[in-house]
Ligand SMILES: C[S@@+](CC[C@H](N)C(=O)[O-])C[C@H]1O[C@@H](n2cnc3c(N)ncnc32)[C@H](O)[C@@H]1O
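We begin with a single chain expressed as structure tokens, specifically the form predicted alone.
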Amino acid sequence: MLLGMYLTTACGGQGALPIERGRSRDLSTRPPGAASGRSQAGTTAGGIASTGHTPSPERAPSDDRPAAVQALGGAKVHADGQAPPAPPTSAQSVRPGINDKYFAPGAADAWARVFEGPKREVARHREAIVRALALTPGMVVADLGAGSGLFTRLLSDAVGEEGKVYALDIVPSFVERIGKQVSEAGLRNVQAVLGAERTTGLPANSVDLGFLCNVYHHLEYPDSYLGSIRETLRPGGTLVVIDFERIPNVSSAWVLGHVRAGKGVVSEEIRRAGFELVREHAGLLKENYMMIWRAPAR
């Protein structure tokens, strides 16, 4: 994969910040919120609300944590009550329309209040989450589905001036918002990137760690996107996935209705893409799980 053409956006009176565009999708002719005839799905931070009004804060699921996988009736069934998924084709959307609401006018500012609000577990624990990534100066990190930029500054500080952070999202207003924040803060090691549903749009073998926080359940094409992440990561690179625990009769009604798959199904899909589970970071979060995966050495 090669980086696409470049956009520029005026940011905070400190000059223009380049925004990288993935080649597989052109959003330049469609204003945010306009109907397109098909889903505008991809990677973006998760939230709660219907299109057309200010989003409501996320509701927390229960803290109970049953075993990850159980046998039922002789067939393998995950703890979320779902059977192992059949491999989708690259043309199949697993959750059409899940990201449409983020393209509405004014969505970036409205959703930022949800993404960064105190009721959101990952927002409350964002500093501990970044510490758990064990980043070192000079590393290159891709914040995939960066949303409002909740983790951007922390990731930038962790990798230092000699490192690099790609803050990537498929929603132009989110990318522009991050670009303005980055320019105003003078973060020279952060690049705001406009991505696509099926690909990161980043160069192959260019990233040490890919970070998906409350984003996986927003992937419309997980098989294609995971394959793109695998190619974007350097051999043996790290993929970190944080997402909601989805457990029938335990998780909230919102989680059960909004989140497509539980940890067991997500793990099956990531393994199928060629990643190896290194560990699950237990104890840090209760409403979410945090899994660390390793890309193939190739």
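None of these values were measured; they are calculated from a predicted model. Numbers for residues come from their place in the sequence shown, where the first is 1.
This next part talks about the form predicted together with the named molecule, which is not shown.
- Heavy atoms of residue 152 never reach within 4.5 Å of the named molecule in the model of the complex, leaving it off the interface.
- Using a 4.5 angstroms limit between non-hydrogen atoms, residue 168 touches the named molecule in the model of the complex.
- Heavy atoms of residue 191 never reach within 4.5 Å of the named molecule in the model of the complex, leaving it off the interface.
- In the model of the complex, none of the heavy atoms of residue 228 sits within 4.5 Å of a heavy atom of the named molecule.
- For the residues 108, 219, 142, 182, the 4.5 Å heavy atom test against the named molecule in the model of the complex is passed only by 219.
- Among the residues 197, 176, 121, 208, the one placing a heavy atom within 4.5 Å of the named molecule in the model of the complex is 197.
- With the named molecule left out of view, the stretch that reaches within 4.5 Å of it through heavy atoms in the model of the complex is, among 155-163, 182-190, 113-121, 132-140, 113-121.
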